[in-house]
Structures are given as C-alpha cells and as structure tokens.
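Form predicted on its own, single chain, as structure tokens, below.
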Amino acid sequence: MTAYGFEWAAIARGLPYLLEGAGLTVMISSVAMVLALVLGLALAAISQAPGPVARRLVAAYVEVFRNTPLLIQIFIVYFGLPQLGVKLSPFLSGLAALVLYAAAYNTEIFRAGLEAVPHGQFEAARSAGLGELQILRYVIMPQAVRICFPALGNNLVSLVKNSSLVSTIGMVELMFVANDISFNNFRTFEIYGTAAVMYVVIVLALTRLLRAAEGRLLRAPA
C-alpha cells in the first residue's frame, strides 16, 4: 500500500475556479438571505392577523417546508414544476428552494419574537394614537428584531452551508466547481479540502458581520 502524495499543484491549478465558485456561493446566499428575511417577516406578520384562515395557511407552509429535506424541495422545484408548465433555470430553481426553505424557519423566529413583546406595548402605543401599521413598524418590530436576531443569524449561517445542495441540479457554485475539478483530476482530498476551507472562511466572515450587527443593534436606542 503506497502512501498518499498530497499534491499542492492540484490546488494551485483549481484555485482560480474555486474562488469563482465561492463568489457565486456568496452571491446566491446573499440574495436568498435577503428574500428569506423579507418573506419570513411578512408571513410572521400575517400569522398575527385576526383571521384564522391566514394563520392556518402560514402554519401549513411552515410545517411543510421545515419537515421535508431541502434536497427534495430543490428537486421538486427543478424537476417537478416543469411538469406543471413552470420551467426555471438551475439558478432560479436553487434560489427559490433556498428562499422558501429558509423563510419557513425565519417565519417561526419572527413569530416568536413578535409574541415575546409584552402586550402592554400594544396598549401603550394605541393609547398614544398610533395606528396598527405604525405600532408594528415603530414599536413592535424594533423590539422583536432584537429578541430574534441571534436565531436569525444562525439560520443565515445554515443557509450558506445548505447552498451547496443546489449543485445537484447544475447550479454553478463552489460545490459544483469542486465536483467538476475533482472528477477531472481525481485529486479529491486536495480539492474538497480547499472547498471546505473556503466554506469555513465564508461562514466565519458572515459570523463576524452578524456579531458586529448585533452589537450595533443592542447599542442602538430602543
């Protein structure tokens, strides 16, 4: 049995392509983060509405997307929707699946944050003459965001790592590039190891940004 010979040259040859793939991973993750936050916040607000139908629809959406694997959701969007007449590119399919999956978790996080705000805040805002939308925007949401920010941060970090699954439908990002290079030069340890280091760097950078944002949020006046 011969010892494995680590080949630095394989990393050097593949590094430009891996860096390009890492940039695409950051891009699709960033877009998915923003859309998932907006959708999750909107659905959380709907879940607080007085009508039972809207609340049940939001609850059903959350249960379906939180209790099924993301990979299945990606396959349904990419392979299943064309049978219904909706054909999306690998990029849009992967993005849609990531947004819907992450938004389901964000919805629950925002909902918990909204419900954690003391009910007396609503009554005080109403007595001050604020309307429902003004209460939500200026009184409730700032407090709710402070409460749920750490959980949202963890969900965003998970989204970056879960983005690797979109490589299964041909979406060109870091994992797809790593697979392509590895299948061509058979230097699996070097290529996947480099990709793993890149994921660590991306996640650590995001974590630092989130901590800085959380610090500023906590220091901001209520």
Partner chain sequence: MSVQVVVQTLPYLLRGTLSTVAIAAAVIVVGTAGGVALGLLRFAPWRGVGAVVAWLVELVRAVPLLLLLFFIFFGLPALAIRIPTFPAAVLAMSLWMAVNTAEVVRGGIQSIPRGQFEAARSIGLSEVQAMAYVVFPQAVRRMIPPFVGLCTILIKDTSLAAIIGVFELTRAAQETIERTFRSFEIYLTAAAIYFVICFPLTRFAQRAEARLLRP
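Numbering follows the first chain given and starts at 1. Note that the structure is predicted; figures quoted are calculated from it, not measured.
Below, we refer to the form predicted together with its partner chain, which is not included among the displayed structures.
- Here the marked residues 72, 193 and 196 all reach its partner chain in the model of the complex, each with a heavy atom within 4.5 angstroms.
- Contact annotation: residue 164 falls within 4.5 Å of its partner chain in the model of the complex, judged by heavy atom distances.
- Using a 4.5 Å cutoff between non-hydrogen atoms, residue 105 counts as a contact of its partner chain in the model of the complex.
- In the model of the complex, residue 142 stays away from its partner chain, with no heavy atom inside 4.5 Å.
- Interface residue remark: residue 203 is counted as part of the site for its partner chain in the model of the complex, having a heavy atom within 4.5 Å.
- A single residue from the set 48, 30, 185, 68 has any heavy atom within 4.5 angstroms of its partner chain in the model of the complex; that residue is 68.
- Contact annotation: of the candidates 112, 81, 124, 151, the single residue with a non-hydrogen atom within 4.5 angstroms of its partner chain in the model of the complex is 81.
- Only one of 81-89, 143-151, 130-138, 112-120 lies within 4.5 Å of its partner chain in the model of the complex by heavy atoms, and it is 81-89.
- Contacts to its partner chain in the model of the complex (heavy atom within 4.5 Å) from stretch 166-180: 167, 168, 175, 179.
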